[in-house]
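Below you will find one chain, with nothing else, as structure tokens; this is the form predicted alone, and questions on how it binds or moves follow later.
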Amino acid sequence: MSGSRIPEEILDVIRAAENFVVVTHVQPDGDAVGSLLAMSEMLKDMGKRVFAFLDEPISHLYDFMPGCGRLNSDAEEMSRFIAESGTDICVIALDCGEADRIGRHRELLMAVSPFVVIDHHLSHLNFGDHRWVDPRSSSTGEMVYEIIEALSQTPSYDCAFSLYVAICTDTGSFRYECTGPRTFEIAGKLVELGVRPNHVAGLLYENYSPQRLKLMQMVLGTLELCEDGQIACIHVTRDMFDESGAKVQDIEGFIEYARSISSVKVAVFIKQTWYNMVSASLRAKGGCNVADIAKQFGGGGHRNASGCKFPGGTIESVRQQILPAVIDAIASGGDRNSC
């Protein structure tokens, strides 16, 4: 059982504290939201007081998840909760590879001690008082399950549902390299607790808005292949969001279509999502470590999934920086075709 790797001091802190603020990273994905909800549900079932904080309201892509109505984005309320708790309080940060990913209220949260970090990113930058970082885990949701089991707790149905969503989304529905025997074992236990995989899949992948599909059509229209089809590049602009009526959260999963092309080794998705900010997501199929590419530009992530940001950049300027790095990473010698 991988739960034996959990630092004992983290379990001791969870047992001892009575008040918890549970947080995750900005622009949370399914693993982040699912882990946040599951950890909060477990703590509540243990009789703890819990403030489950999101930097911004939950994405409509995940508003079907049980308990999401208890997520709170009010920093003033969180500050009062922390003050009322006195010294008997702990912050748990989930799925955050670095402190900056906590968001706008990082300083308020990190002033609390003990500060516990649970994460599975290979490029994790150490922060907090106590850390459990396990890149071997498929997801932070898998790690939260291990904590629940190590504390001799039985997940409620809502907790199990959230964990299944977390694991399912971060493994690409159990397709990615990070998926191991323990992942399937845990998923099986969650199914035994009442989670129906077909129900979850319907909510995750058959619950899109017309605006999302319109934006997807526009983004896929930008598809370009280079290096004999080994690299696929797509992009999105603010104008595309305005024209389609879609939200920033709607682009989640778009890069998988570029990655799914049979010849592609690395997919690149360049995103103009906020004013004066362009970011890039990278996805690989196993032969190329895109976390190393992202690290060159101050980013990070997993071997097959990573990202980085370019303040003040443009779609084209980022493209000109990222593509040579990707080409260098996958090149095996010989002539290179321009993209």
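Start at 1 and count along the sequence shown; that's the residue number. Computed from a prediction, not measured in an experiment: that's the story for all the values here.
Same protein, other form: the form predicted in complex with ligand 5GP, not shown, and the subject of what follows.
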query	finding
Contact of Ala305 with ligand 5GP in the predicted complex (heavy atom, 4.5 Å)	yes
Touches ligand 5GP in the predicted complex: Ser40 (any heavy atom, 4.5 Å)	no
4.5 Å heavy atom contact, Gly301 to ligand 5GP in the predicted complex	yes
Close approach of His121 to ligand 5GP in the predicted complex, 4.5 Å, heavy atom	yes
Selected contact from Asp129, Glu98, Asp158, Glu149, since only one has a non-hydrogen atom within 4.5 angstroms of ligand 5GP in the predicted complex	Glu98
Candidate stretches 82-90, 215-223, 139-147, 98-106, one within 4.5 Å of ligand 5GP in the predicted complex by heavy atom	98-106
Interface residues of 235-271 toward ligand 5GP, as seen in the predicted complex [heavy atoms, 4.5 Å]	Lys271
